[in-house]
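Below, in structure tokens: the form predicted on its own, a single chain.
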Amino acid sequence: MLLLPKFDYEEPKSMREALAMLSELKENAKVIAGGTDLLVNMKKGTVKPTRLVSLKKIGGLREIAREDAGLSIGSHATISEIADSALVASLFPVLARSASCLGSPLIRNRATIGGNIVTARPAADLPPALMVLGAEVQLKGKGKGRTVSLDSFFTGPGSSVMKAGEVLTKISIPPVPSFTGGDYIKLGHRAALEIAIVAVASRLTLDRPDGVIVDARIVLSSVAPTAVHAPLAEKALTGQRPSEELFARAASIAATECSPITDMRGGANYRCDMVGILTRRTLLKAFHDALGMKEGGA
């Protein structure tokens, strides 16, 4: 049985206090939210902080609210709160779908959106949906802050552009155009408590219900060191009139735009084949969702 190593625990009462603490401790401190990834990694010895800093006493970090016709989500909002939010479901159903795929109800009640992002796992559920939605994250450090597109946030398995002493405080999702739809599908051996073998998020925007695709986004997960776009497939869709044949062609292209590994959960060739299948299915669902829309939402 693996035991947690010894550590000190802090509960700063303000963001200023928290950032000062993290700046001083640097690599020796980690922010803890739900702890569903961090505590497991500490038991394994893959991360060894001497102090955990909880932000639960700092207000505003669990808020889900409208922001400039889009959505603002505090980094400590739980996965359950996102999956069950009527606001999220009405504006960005693809995000609600991805949240509902994560773990079990117990895990979803503990895990946070910020934690799912900053751990930078190649198979994390929320980043693909957030990336097709054009999400940005707000990072704060002592005396400074910056906003980073999620497309450029991840640098490799378990790594990102975050610097020591920085905290992810908020995720911002811009409004989407009319006639936009999206979908997320995760393939695993089981229906719950499963790490994705392959996952795909897609989003389509039409110029009008019977028109052409003016914007296409496809993000592949668990088939590369980070969640990645399929740019050639996206380009093949843009400017074209939707059809099952077009979606099948784009799906075949997407299957060539990943670099999966072979491990105990699946072989590389199998994963590539599944990318094609899931991409076609998500594009079809995104298209039907776009036809049913009148104003925004994906």
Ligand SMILES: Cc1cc2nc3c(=O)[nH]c(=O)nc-3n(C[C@H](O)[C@H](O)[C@H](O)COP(=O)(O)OP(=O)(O)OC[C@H]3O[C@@H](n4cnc5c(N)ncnc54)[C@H](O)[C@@H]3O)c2cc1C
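In this text, residue numbers run from 1 along the sequence as written. All values derive from a computational prediction rather than experimental measurement.
In what follows, reference is made to the form predicted together with the named molecule, a form of this protein that is not presented.
The partner is absent here; in the predicted complex, the one residue of L206, A135, V88, L168 having a heavy atom within 4.5 Å of the named molecule is L168. Contact with the named molecule in the predicted complex, judged by any heavy atom within 4.5 Å, is made by just one of I173, I197, C101, I213: C101. When the named molecule is considered in the predicted complex, A123 lines it closely, a heavy atom lying within 4.5 Å. Although the partner is absent here, R249 sits far enough away that none of its heavy atoms falls within 4.5 Å of the named molecule in the predicted complex. Proximity of T112 to the named molecule in the predicted complex: non-hydrogen atoms within 4.5 Å are present.
Contact check for L95: every heavy atom lies farther than 4.5 Å from the named molecule in the predicted complex. By the 4.5 Å heavy atom rule, the three marked residues I185, S259 and R265 all fail to count as contacting the named molecule in the predicted complex. Residues within 4.5 angstroms of the named molecule in the predicted complex, judged by any non-hydrogen atom, belong to 33-41 and to none of the other stretches in 62-70, 33-41, 265-273, 240-248. Taking a 4.5 Å heavy atom cutoff to the named molecule in the predicted complex, none of the residues in 134-158 make contact.
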